[in-house]
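Heads up, the chain below is alone and in the form predicted alone; it's given as structure tokens.
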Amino acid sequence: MVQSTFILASILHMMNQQTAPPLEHPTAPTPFGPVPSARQMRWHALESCMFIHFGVNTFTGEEWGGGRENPSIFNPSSLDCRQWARMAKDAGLRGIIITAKHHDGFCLWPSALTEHSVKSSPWRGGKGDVLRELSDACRAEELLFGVYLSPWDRNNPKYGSGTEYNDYFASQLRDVLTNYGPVFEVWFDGACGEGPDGRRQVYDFPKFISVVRECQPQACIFSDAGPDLRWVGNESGYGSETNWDRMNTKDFYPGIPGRNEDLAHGQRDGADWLPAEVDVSIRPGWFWRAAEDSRVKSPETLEKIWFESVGRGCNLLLNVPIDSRGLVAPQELVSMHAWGEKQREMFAKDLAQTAHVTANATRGGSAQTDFVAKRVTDGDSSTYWATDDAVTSCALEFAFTNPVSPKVVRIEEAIQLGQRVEAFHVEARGSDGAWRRVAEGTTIGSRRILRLGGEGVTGIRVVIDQSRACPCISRVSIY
């Protein structure tokens, strides 16, 4: 009888298999608004990189050199780019951008276009090349290499001549961008002052951008107006709580005066994808000065900066100036190492990986679609949980077998489909079974990282309160 029942059940199962409609695969959501380019997607994934200010100012104590410095003052006794790169990697940074030429016009590579460069210095007998040594060090430590070139040149007599100087600067760009391997970011500021004879220059940024695109098509270009990355509008180390990656780039230009709030917040309905980069120095100044050795930011301050920049969907560019020996100073080494240790400890274990993940809405309404809740913990940024187009308020729930003490939650949108969420909150379920709100925010974008501080928690719920189109969440991590 048991065997007959088993056979009958098997027959019925086969009949059902033959007559049941095939499993539906709902179509993916349509992109909403502007979306990032491939080079911008790679940049978003970097999160934190190091800025290096180094040059003749290191030896004069000035922030902005006048352009009349004698190259002979540039003579670091112990320059070691591998030390710089090892420190950056130890701190968890993923690339280095160096001031190849600051406003004083002094070039850290042996430029054939000017005598105001390392080739006229006593360092390495006039045969040295900081860019060569740093680009090699970055490759050795598996870091990316980037460059800052100031269009303002207080040394070169062509500055202020118009086309002649713009052609000169474009040639300098081409020199740097074709001789040191891949460059991940080219950093322009809009500083525009007097040249040697007091003239000002009108920069030809379309020409400069075309040189970058030709020589380093994978590099992102930073300025107030992009075209790939925007300035956040301050140099204090924080991004905006509400941070749209959208801007109308036609309304902005490098060197735009004043603190523009749109740079900080982005524009909710902007036509272009233009994410924000936060630049801040570990010291009060950008270049090294012995007088500031006691004013290096602490690991705790660096952690706060990280949460208020990377944690708000920006990328962080942390300046660590090089001292007159050509080394990262001891104060920075101690602070950066301790900060790296804090980061490693904080993010050592993702509790979301041990949780049972569910959602109160899923695209297609089936637990077997490509958009199920567990996509947020699969470690693949190309997959995501999504809802039907009409559903713009919904929730993900993470249930734990044993109580946990979550301190941080990280949420990421699938930004390849645009930025959508404009209000969310996080709830925690205590041992009494009650849900309590523990964090909240507005935009998410590439990432939102919030502190929780919960104890004895049996569940975490991420609630999307308001989204401009169906939410597409690619990752949730709980630490």
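In this text, residue numbers run from 1 along the sequence as written. This one's a predicted model, so the numbers in the text were calculated from it and none came from an experiment.
Note that the form predicted in complex with ligand FUL isn't included here; everything after this is about it.
- In the predicted bound form, ligand FUL lies within 4.5 Å of some heavy atom of H53.
- In the predicted bound form, ligand FUL sits within 4.5 Å of a heavy atom belonging to E235.
- Ligand FUL is not drawn, but in the predicted bound form it has no heavy atom within 4.5 Å of F59.
- Ligand FUL in the predicted bound form comes within 4.5 Å of no heavy atom belonging to D388.
- The chain is drawn here without ligand FUL; in the predicted bound form, the stretch among 347 to 355, 322 to 330, 290 to 298, 183 to 191 whose residues come within 4.5 Å of it by any heavy atom is 183 to 191.
- Taking R246, H116, H265, H103 one by one, only a single residue has any non-hydrogen atom within 4.5 Å of ligand FUL in the predicted bound form, and it is H103.
- Scanning W109, W123, W286, W306 against ligand FUL in the predicted bound form with a 4.5 Å heavy atom cut-off leaves one residue, W286.
- With contact defined as any non-hydrogen atom lying within 4.5 angstroms of ligand FUL in the predicted bound form, Y148 is the only contacting residue in 145 to 160.
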